[in-house]
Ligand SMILES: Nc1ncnc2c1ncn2[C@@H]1O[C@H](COP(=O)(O)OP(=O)(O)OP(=O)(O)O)[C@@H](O)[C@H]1O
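Here we start with a single chain on its own, the form predicted on its own, put down as structure tokens.
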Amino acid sequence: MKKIEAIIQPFKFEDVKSALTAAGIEGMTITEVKGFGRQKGHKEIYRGSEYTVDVLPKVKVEVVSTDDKAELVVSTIMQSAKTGKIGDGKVFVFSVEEAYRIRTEESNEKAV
């Protein structure tokens, strides 16, 4: 099993969610996060004063899938989150050793 974590632009979340749902991917965890990378923030003007916003809002999407669907999840996220501009985000893939569904006590792939 694999855990896919994607850090994406907030305005692309609905596109990513719709694309994953259309691809048959069920279940995801969404977290509003803040961070920075190469984008290094941007400048804004508030009441005539310029200031730098260096920690930007992002959305983290987490999906746990079977090994055979992991590539589909990654490619779906990459295609639906891409704008081609700096700050599009990152996708990370981790191995998951065990998973359990609390309600039924199913484990591993049956729990996903």
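Start at 1 with the first residue shown and count on from there. As the structure is a computational prediction, the values presented were derived from the model and not from experiment.
This next part talks about the form predicted together with the named molecule, which is not shown.
- prompt: Do residue 86 and the named molecule come within 4.5 Å of each other in the model of the complex, heavy atoms counted?
  reply: Because a heavy atom of residue 86 falls inside 4.5 Å of the named molecule in the model of the complex, the answer is yes.
query: Hey, in the model of the complex, does residue 92 get a heavy atom within 4.5 angstroms of the named molecule?
result: Although the named molecule is absent here, residue 92 would touch it in the model of the complex, with heavy atoms inside 4.5 Å.
message: So, residue 112 and the named molecule: in the model of the complex, are they within 4.5 Å at any heavy atom pair?
response: No, residue 112 is distant from the partner.
field: Heavy atom of residue 1 within 4.5 Å of the named molecule in the model of the complex
entry: Output for residue 1 is no: heavy atoms all beyond 4.5 Å of the named molecule.
- request: Quick one: name the residues from 1-27 with any non-hydrogen atom within 4.5 angstroms of the named molecule in the model of the complex.
  value: Result: 7 alone.
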